[in-house]
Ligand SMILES: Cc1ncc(COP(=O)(O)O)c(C=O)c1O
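Consider the single chain below, provided in structure tokens and representing the form predicted on its own.
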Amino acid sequence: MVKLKVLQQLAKHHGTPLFVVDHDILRKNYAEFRKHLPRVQAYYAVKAFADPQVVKTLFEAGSSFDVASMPEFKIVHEFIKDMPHKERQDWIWDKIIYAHPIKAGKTLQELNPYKPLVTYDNSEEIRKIKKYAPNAGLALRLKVLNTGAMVELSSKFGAAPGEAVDLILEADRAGLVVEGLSFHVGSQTTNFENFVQAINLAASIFEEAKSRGYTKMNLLDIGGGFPVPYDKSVKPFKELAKKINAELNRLFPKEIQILAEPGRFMVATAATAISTIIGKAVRDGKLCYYIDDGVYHTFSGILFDHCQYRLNAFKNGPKDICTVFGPTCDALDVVSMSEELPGNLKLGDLLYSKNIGAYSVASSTPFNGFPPAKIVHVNK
């Protein structure tokens, strides 16, 4: 994290609300992922924080990219558009996966010239891909357990294991190539057994497909869900990596390409939000602070990501249990009902919140006329 003194200087220069991104931490997180999962190519999930400068830093570090919309695709494409055509086409095939199982026909038409790798999980999607993007390669998304994940995804996406090979063969009969399988164990998964069970399930689907005559699959996408240390209860990433490596090496030969879609893991710890206290009151005997950022802005992850961000003061003093409200006139705009902060803070004092880089400014809106936080990049 950027030093507190520097954060204060940035807030003085730029004003608040402010969102400070430390690119040294982005590079550190990417390096840690590659160190502990050397067989797995990281495809950064752009939706976690779709900022061109973040994409640029990870691109230069060696990352590939998971996109789930055409605007995200175009952000990544900006960094490869100057390559020779053939090299660019190969890069898109090998370095970008369009990992949204349900795509509009118009989206598929836009993707088709790039011969992309896309995910699917049902028969209707096969027919749609055949009609609008016949040049695409496919990865079948499996439904897997999301037990213990902060954000559950399996109720919305994923083919049931019992229908998986039927869907692979159906795509094959349609003249499409199923390159492999994908799954997602749920966002911020602290139950490491989800990965173990999902990898074992994928291996059994590979074997069943071979037994039924389909031998073209050569990749496995183990998705996202790699947990961030928001608190001390989250076990170290290297422990999860050890389990994943053991199962991959046991079940999948070296010629099978393994990829993953870390989003939160790459960006969560790389950003800090800074806000200013704009109001102070005592309501029903409880101290309340009002700040110039809230759940419609940087703290949107409280609503959309089921995440709670701790607030810290730059000043010291005896602490009270406080309520912290956002700036809008909406009663929903509550940052915290139980925050331990100094009770002697004054209007104009600053607060900061760490580990807020994922699914935060990504969901900001200009609701009630309040603008989202200004984004400042610190890139030494």
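Everything numeric in this text was worked out from a predicted model, so none of it was measured. Note that residue numbering begins at 1 and tracks the sequence as displayed.
What comes next is about the form predicted in complex with this ligand, which does not appear here.
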Close approach of residue 359 to this ligand in the model of the complex, 4.5 Å, heavy atom: yes
Residue 187: touches this ligand in the model of the complex, heavy atom cutoff 4.5 angstroms: yes
Non-hydrogen atom contact residue 261 with this ligand in the model of the complex at 4.5 angstroms: yes
Contact of residue 45 with this ligand in the model of the complex (heavy atom, 4.5 Å): yes
Segment that reaches this ligand in the model of the complex - one of 125-133, 69-77, 289-297, 263-271, heavy atoms within 4.5 Å: 263-271
Contact residue in the model of the complex, chosen from 99, 140, 220, 144 - any heavy atom within 4.5 Å of this ligand: 99
Heavy atom within 4.5 Å of this ligand in the model of the complex - qualifying residues of 195-217: none
